[in-house]
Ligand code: NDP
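In C-alpha cells, one chain follows: the form predicted alone.
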C-alpha cells in the first residue's frame, strides 16, 4: 500500500476544502486551531497500471498550510505526526509532498527518531525527488526541441543547482550533452563543489544567467520580491517551474517565453480521487506531483524503501530506474500546450 502526505496551498484554500469534505470544525477554525489539529487520512484509492496490476493507496492531509512556515515547531510537528499516522496505518511506502519534504530536509527531521511512543521507520518514506528530477529532465528534452531549441548548442541555467533535485538535473543534462550548464544558487561554496564534481558548468548570478539561457530550470522557491525583466530573455526561452509553490508564470509571462509547470505527471487514465484538487492541478483526476507518483511507482514495483532520501544522493542509475518504471506504469511528464493554444492565451 502507498501513501501520500500533502497539504493545501493556502489557509483559505484549506478551509474551503475542509468544508467540501465535511470537516466543518476545520472549515470554521482559525489558524491557531489548525496549528493544533492532528493529521487526517482523508481519502483511500485504488490505482491500476497499464500492466493490469492494481494497488491501494491513501492520502494523508498533514493539516499544514504555508502560513505556518514561520512557526518552526509547528511545521516540524505537522510533518512528523503525519508520518506517524502513515506508519500506524501500516502503509508500506509514503511520499512527502509539497512543503513536507522541504521541512523534513531543511529542519533535519532525521534526528527525530521517535514521535510520541512510535519509533519512525525511515524505510517507509521517500521524498520523491528522484522521480521529480527525472520528470523535469524529460520536460527539458521533450519541450525544448518543440520550440526550436537545439539542446546540443543550448545554454541551460539550473536555478537551485546545488539542491537535491537541482544537482541531479545537472548530472542528467550533462550526460544528455547540453551545450552549456549555467549554475545558479544562493551559497557560493556548494556551487564551486558542484562545478568541480561535474568538471564543467559556469557559475553565474541569477541576473547574469537569465539573459544567456535558452532553457531555465527553476528548482528553488522564488523569492517574494523577485522581478524578472522579460525583455532581456532569449526568444524562444523555455522555463521549467520545478519549485514550490509553482508561480513562475506570474513573473515571466511574455511572448516567446514558455513557462511549464515542472515535476508534474499525467497518469494514463483518470483516478477516482479528490486529493489533487487541493493542489490545483489542471486535470486533477489524472495529474499529480512526480514526488507523489514515486510512491505509487515504488508500490507497483514492490520496492518498499526510501528510494529518495537525504541530500545529493540521487544517482543517474536510480533516475533511469524510476524513469523506466514511470513509463511502464502509465505516467507521462506534463508538456507545453500546442503552440497555437499558447499564442491564443498570450494575445487574449
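In this text, all values refer to a predicted model and were calculated from it rather than measured experimentally. Positions refer to the first chain, counted from 1.
Same protein, other form: the form predicted in complex with the named molecule, not shown, and the subject of what follows.
Comment: 164-172 is the region of 67-75, 145-153, 164-172, 251-259 lying near the named molecule in the predicted bound form, near meaning a non-hydrogen atom within 4.5 Å. Although the partner is absent here, residue 111 sits far enough away that none of its heavy atoms falls within 4.5 Å of the named molecule in the predicted bound form. Shown alone here, residue 129 lies within 4.5 Å of the named molecule in the predicted bound form, counting heavy atoms only. In the predicted bound form, the named molecule lies within 4.5 Å of some heavy atom of residue 186. By the criterion of a heavy atom within 4.5 Å, residue 216 is excluded from the residues contacting the named molecule in the predicted bound form.
Heavy atoms of every residue among 159, 220 and 291 are located within 4.5 Å of the named molecule in the predicted bound form. Residue-level contacts in the predicted bound form: of 271, 209, 115, 102, one residue has a heavy atom within 4.5 Å of the named molecule, and it is 102. Contact residues in stretch 231-245 (any heavy atom within 4.5 Å of the named molecule, taken in the predicted bound form) are 242, 243, 244.
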